[in-house]
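Just the one chain here, the form predicted on its own, laid out as structure tokens.
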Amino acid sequence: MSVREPFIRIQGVSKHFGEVTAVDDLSLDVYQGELFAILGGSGSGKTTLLRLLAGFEQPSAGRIVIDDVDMTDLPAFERPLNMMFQSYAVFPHMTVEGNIAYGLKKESMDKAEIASRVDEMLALVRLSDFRHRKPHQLSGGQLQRVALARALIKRPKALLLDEPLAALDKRLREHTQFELMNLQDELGVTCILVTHDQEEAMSLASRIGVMDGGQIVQTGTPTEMYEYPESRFVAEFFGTTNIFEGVVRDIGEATIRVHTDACGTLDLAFDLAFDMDAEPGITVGSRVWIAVRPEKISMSERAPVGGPSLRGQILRLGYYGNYSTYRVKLDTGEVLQVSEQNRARRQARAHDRQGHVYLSWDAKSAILLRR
């Protein structure tokens, strides 16, 4: 069985700005044809890392290798990649056609070849009927496609995307996400996307790397990042989660008993292929944290028969149409968030704020964390 070789290798890369370390001894492999998302909050180092890849910044240490060629000291214009900026940076005095063709004209390519490639790109991004329009005559989604076509027309080995959908409204952003995925799949170009939007990363990327403090703290598929986070930081970064601190009381073959102040003693069952590999070294007496996603929690007015349950009272309700969220204060004083799909049409609330409710979840739904 052949081993898949990385297409982009970031090896021990650091970047210092005076006494500030923006990227700290970071190593990462990206494979050909994948859409890899770098996700992080403000100041995490994600944009600096993208600029290092593009050649706009030089690393203080480490190497960047693309397709087995060391790019570390090459200037941006000699690297086989292109970058699409958040602002799109289209030329306002040029037509759609002129903007897309700009990079090829700067390289003095044959006019017939330029025309052929421009036609190809216009058809690909469905802008053939808009080729003579100026940027001010286009919608936000159309401007985004112009910028994408201009980045792709030079046929780069990799495409760097810096918050490419941030300027679009929610509905257009969701529509454009599917367009971008289809284009990336059709062309097979390797893409690295930088974003602070967890939903965008999860819907677009085949793999995600979460950055914090200039380092990649975890990589994985969207499912692995959401269902199997390796730290409280990652668990809380992806969506919403309820976290309890506790102490391990007993360890079985596929179960662990944890005592928490908020919920008492919980018996947790684990997927050994993930949880115990991700959390090595846990012993009786270890300090751990238990994370439970709001959608994993069931809520009812009656105590469930068998299994652990927590009693509380609803403090607040948030109605979002397709689902509702509840803030429930337990008898211990802990406040949990619960979410439910609104499967039935109703005018009244599904649960009464005046009475008590009982919360429960499947033992395998809990996430065990040691940091």
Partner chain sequence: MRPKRHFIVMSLAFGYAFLYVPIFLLILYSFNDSRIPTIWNGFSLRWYASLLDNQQVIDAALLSLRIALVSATAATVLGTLSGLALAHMDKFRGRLVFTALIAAPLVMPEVITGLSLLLFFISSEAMIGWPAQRGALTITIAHITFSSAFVAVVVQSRLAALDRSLIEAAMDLGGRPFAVARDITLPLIAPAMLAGWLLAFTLSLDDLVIATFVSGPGASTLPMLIFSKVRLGVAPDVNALASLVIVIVGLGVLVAGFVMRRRQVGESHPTSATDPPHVVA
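Because the structure is a prediction, the values reported are computed rather than measured. Positions refer to the first chain, counted from 1. Take the two forms, superpose them, and find the largest set of C-alpha atoms that agree within 1.5 Å; that set is the rigid core.
There is also a form predicted in complex with its partner chain; it is not shown, and the following applies to it.
Within this chain, G285 is remote from the site of its partner chain in the predicted bound form, having no heavy atom within 4.5 Å. Looking at A254, you'd find every heavy atom of it more than 4.5 angstroms from its partner chain in the predicted bound form.
The shortest heavy atom separation between L204 and its partner chain in the predicted bound form exceeds 4.5 Å. Mapping the unseen interface onto this chain, H132 falls outside it, with no heavy atom inside 4.5 Å of its partner chain in the predicted bound form. Look at 101-109, 218-226, 116-124, 231-239: in the predicted bound form, residues with non-hydrogen atoms within 4.5 angstroms of its partner chain sit in 101-109.
Only one of V258, L81, V194, I297 lies close to its partner chain in the predicted bound form, with a heavy atom inside 4.5 Å, and it is L81. Site annotation in the predicted bound form: the residue of V247, M94, I243, L183 reaching within 4.5 Å of its partner chain with a heavy atom is M94. Along 112-150, these residues reach a heavy atom to within 4.5 Å of its partner chain in the predicted bound form: P135, H136, L143, R150.
Annotation: Cα of N99 displaced by at least 2 Å between this form and the one not shown, core superposition.
With the core held fixed, the Cα of T240 is displaced between this form and the one not shown by less than 2 Å. Relative to the superposed rigid core, the position of the CA of T223 differs between this form and the one not shown by less than 2 Å.
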